[in-house]
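In the form predicted on its own, a lone chain appears below as structure tokens.
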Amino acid sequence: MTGTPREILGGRLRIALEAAGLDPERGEVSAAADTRFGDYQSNAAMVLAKKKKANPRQLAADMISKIDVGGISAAPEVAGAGFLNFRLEPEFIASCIQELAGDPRLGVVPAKAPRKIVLDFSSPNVAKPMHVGHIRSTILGDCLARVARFLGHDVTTDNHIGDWGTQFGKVIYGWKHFLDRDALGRDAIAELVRLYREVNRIEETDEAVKKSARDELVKLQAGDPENLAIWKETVELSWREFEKLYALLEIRFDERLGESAYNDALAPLCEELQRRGIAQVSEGALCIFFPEVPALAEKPAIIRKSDGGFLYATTDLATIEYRIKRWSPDAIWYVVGAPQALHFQQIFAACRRMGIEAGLAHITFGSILGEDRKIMKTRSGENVGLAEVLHEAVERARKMIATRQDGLSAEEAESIAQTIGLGAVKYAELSQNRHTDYVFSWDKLLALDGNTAPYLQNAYVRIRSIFRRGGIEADPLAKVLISEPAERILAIKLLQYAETVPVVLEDFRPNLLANYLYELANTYHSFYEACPVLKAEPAIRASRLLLSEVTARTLAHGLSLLGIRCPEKM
């Protein structure tokens, strides 16, 4: 097999189109929307007929007379307004599954043109806890990095920490006057948040404290040794807390440069942009105007305020320049919420003016809602902490395991609880269309039925239990036999894994992979109900065991690309 069934059929169709004097680029084939009529389909005849003002069914018939799909598919059939339907031959399906059985990549071919990609995601703020709003950026970014690396791209993950800003004047003043060292040791971020809130509260009625906090910020920005030391300690303490959560989620970063890393580059960048005529002074502020972009015509990017201060736009442009010089990437992807869309439109437009050629993408996402369909908050109105969500997920999974526990050691039960709980949170995110808001429901995300991680993990466990019960392993050299409809449907679904994974990066949609895995699990369930495995006669049993093994491997591999583990027991 040199490619997926879709690629092979598409290649044959393009040859036929060229032979018929038609545009071969229109030879696209996709999985059939309704498998009653075939396994794959193409609307090429309808597209080309509209262009040529011809009868699409007649054009489809002409294509069939030119196409050679011998040994792959039965002769294509014309359906509806001019669809071409292809039904794969059982022998072809069997040979493809035979190849998958010995392929560690499960048919997924590396990208033909691998790219160097910088992926910016998560980005928590120093001295503040990571909260539920960080779930989407963190988990989505990690998944995209996993998929891109598996497809052969050179990915650098960069966690752009928020470690600079006006809040540090308050934190430093609070540190000097109200710090509880014991509390700092127990929970550093909680103590830093307490200091900030305490100073914020006092400032409301005490102008002297307000001025002192501003003075502390000015001293920090001027390089005062004491304030720099306090600031560095807050950064390191915060990062240690963040690292605990990243370790729990099994997420790593290649780089973590905060906003402060670019401070020295901001003034020279502004001078350079002004010298090149890209930026100009308007009402005392240095701005970049975008008359060539209608949506931004009246929305300039301010890169230096009239008081000489710099903004996020300045830092982000300096960051892009740094990334270009250090890594020479082909693309820089930002996994940041939709409310920042205007900011990134301005930044990307400025980069085009600066002559930066790397592909820049803002990968947006919606919000996580509580079961009241409002932005998820605590009862006191605070953002729900990410640590609390993750620990509660594990605790709920722990209770679920306790009701089903069958001879598990305490260590096994705890490991499984972590795998199920954390997997459930990740899958709840990744199974959604990233553009939409979604409701965070504990009962739904931990359910053992429906489109959830526990359901998929349980499907994997049930398949592996077949081998444990039989005391056997699948023979990768066993002859694959496709005779029953359920076998055929399962085999074709397995072949579509290699067609699904690359599409995830086309519009940054992990939900396509999640939905595929859910369909695969359902398809296997139907196969298992219709086709006895261990009780079948030897040749058929060996074939069905091999189909089961490839299914288990595909579920585990697909979930690993989502950052989710599969337990061996549940």
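Each residue number is its position in the shown sequence, starting from 1. Just so it is clear, the structure is predicted and the values come from calculations on it, not from any experiment.
Beyond the structure shown, there is the form predicted together with ligand ARG, which is absent from this document and is the topic of what follows.
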Exercise. For the chain shown here without its partner, which stretch in 154-162, 230-238, 100-108, 69-77 has non-hydrogen atoms within 4.5 angstroms of ligand ARG in the predicted complex?
Worked result: 154-162
For this session: Check, residue by residue, if D39, F83 and F86 all come within 4.5 Å of ligand ARG in the predicted complex, counting heavy atoms only.
Result: no
Seminar exercise, completed: Contact with ligand ARG in the predicted complex, heavy atom within 4.5 Å, among Q432, T452, S260, S123 goes to S123
Exercise. Just one of Q280, S415, S95, Q340 has a heavy atom within 4.5 Å of ligand ARG in the predicted complex. Which one?
Worked result: Q340
Exercise. Does F344 reach ligand ARG in the predicted complex if we count a contact as any heavy atom within 4.5 Å?
Worked result: yes
Exercise. Though only this chain appears here, would Y334 touch ligand ARG in the predicted complex if you measure heavy atom gaps against 4.5 Å?
Worked result: yes
Problem set entry | Exercise: Y312 in contact with ligand ARG in the predicted complex, heavy atom 4.5 Å | yes
Exercise. At the 4.5 Å heavy atom threshold, is E216 in contact with ligand ARG in the predicted complex?
Worked result: no
Exercise. Even though the chain is shown alone, can you say which residues of 131-145 have a heavy atom within 4.5 Å of ligand ARG in the predicted complex?
Worked result: H134
